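Starting off, we have a lone chain in the form predicted alone, written out as structure tokens.
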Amino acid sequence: MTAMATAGDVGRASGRRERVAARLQQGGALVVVVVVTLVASLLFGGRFASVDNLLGILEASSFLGIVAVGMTFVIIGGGIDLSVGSLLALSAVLAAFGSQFGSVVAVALPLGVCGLIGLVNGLLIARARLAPFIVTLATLLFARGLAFAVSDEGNTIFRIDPDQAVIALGQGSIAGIRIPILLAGLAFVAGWVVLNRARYGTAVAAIGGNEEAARLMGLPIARVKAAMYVTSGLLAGLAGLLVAARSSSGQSTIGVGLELQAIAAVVIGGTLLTGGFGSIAGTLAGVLLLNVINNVINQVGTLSSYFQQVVSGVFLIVVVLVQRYLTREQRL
């Protein structure tokens, strides 16, 4: 009886440890965001905690956030997408270029091209079984080169007429909240619903966790993978469109390193780089954390903006180490 009771206690303790580790992995980034926000509010007062500044943080987060939603699905599915920064630049250039033919073209052209490139990525990875790193690295170069080609090697900056309706996507607001913030919020809500309530989200996690087991279960692996990269391409295109509408122009030099920021935000939010586990809420926390840190650095004033990259790099290493520890705890 004593041996059985001891075994039961060990099992319950192990179960509690596993649940605590899972909760920390899922919600750790959110806790850090709250702590950093409170500390910054105490240190800088109204400069940081003002409504205008907080809305500015949300607006700055919206473009990265939209891209990060697509990246979350890709990484949970066991892949990687290095092309999103170049796709954002290409989308911005195409949106500004297409605006001379009307707002409909300004919206449809970048989204169509970025979605098509995402589909090519997905087919090469899913059907031809090429490595995601190689395929999306090639697409990174292709999309950036195409952006430079359209803009005459970056010498031509296409301007969007202020009278064009597409401008409202980047500069308009509803109830005092900028449209990019609202669209980013919609993307996060839709991403959460799909990942947690739809069969597609379950299939993405299953493929990322164990592709061979998912194949034996009869899941449509090729279709799911293709959809992952189409979604990532479309969301990168949407972010580029919003950037162009916000600045009233399209430049081929923007978005450099955005793919690394998106990956960092997703991983900081608790998604495993090895695939199979992650959350949209965690990604939102990761995006907000990076932008809150950047805003705090700007508040200090004496620190270079490049210091954000140092802090982000440190955060990323720490998070990966913590993830490794928590994953091991869940398996014990």
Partner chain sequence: MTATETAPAAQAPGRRRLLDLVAENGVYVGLLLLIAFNLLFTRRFGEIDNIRLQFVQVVPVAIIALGMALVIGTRGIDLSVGSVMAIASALLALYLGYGPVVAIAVALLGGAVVGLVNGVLVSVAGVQPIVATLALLVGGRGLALVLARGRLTEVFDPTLATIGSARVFEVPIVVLIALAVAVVIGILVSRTTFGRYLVAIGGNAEASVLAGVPVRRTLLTVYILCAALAALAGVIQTARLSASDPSFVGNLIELSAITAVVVGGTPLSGGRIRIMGTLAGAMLMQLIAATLITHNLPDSATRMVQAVIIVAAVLIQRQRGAA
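Worth saying up front: this structure is predicted, and the values here are computed from it rather than measured. Positions refer to the first chain, counted from 1.
The same protein has a further form, the form predicted together with the partner chain, not shown here; the description that follows concerns it.
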{"item": "Contact label in the predicted bound form: S50 to the partner chain, heavy atom within 4.5 Å", "value": "no"}
{"item": "Heavy atom of N298 within 4.5 Å of the partner chain in the predicted bound form", "value": "no"}
{"item": "The partner chain contact at E153 in the predicted bound form, heavy atom, 4.5 Å", "value": "yes"}
{"item": "The partner chain contact in the predicted bound form: G172, any heavy atom under 4.5 Å", "value": "no"}
{"item": "In the predicted bound form, segment of 139 to 147, 228 to 236, 98 to 106, 175 to 183 with a heavy atom within 4.5 Å of the partner chain", "value": "139 to 147"}
{"item": "One residue of V113, I167, L124, I157 in contact with the partner chain, assessed in the predicted bound form (non-hydrogen atom, 4.5 angstroms)", "value": "L124"}
{"item": "Contact set, 116 to 130 vs the partner chain in the predicted bound form - heavy atom within 4.5 angstroms", "value": "L124, A128, R129, L130"}
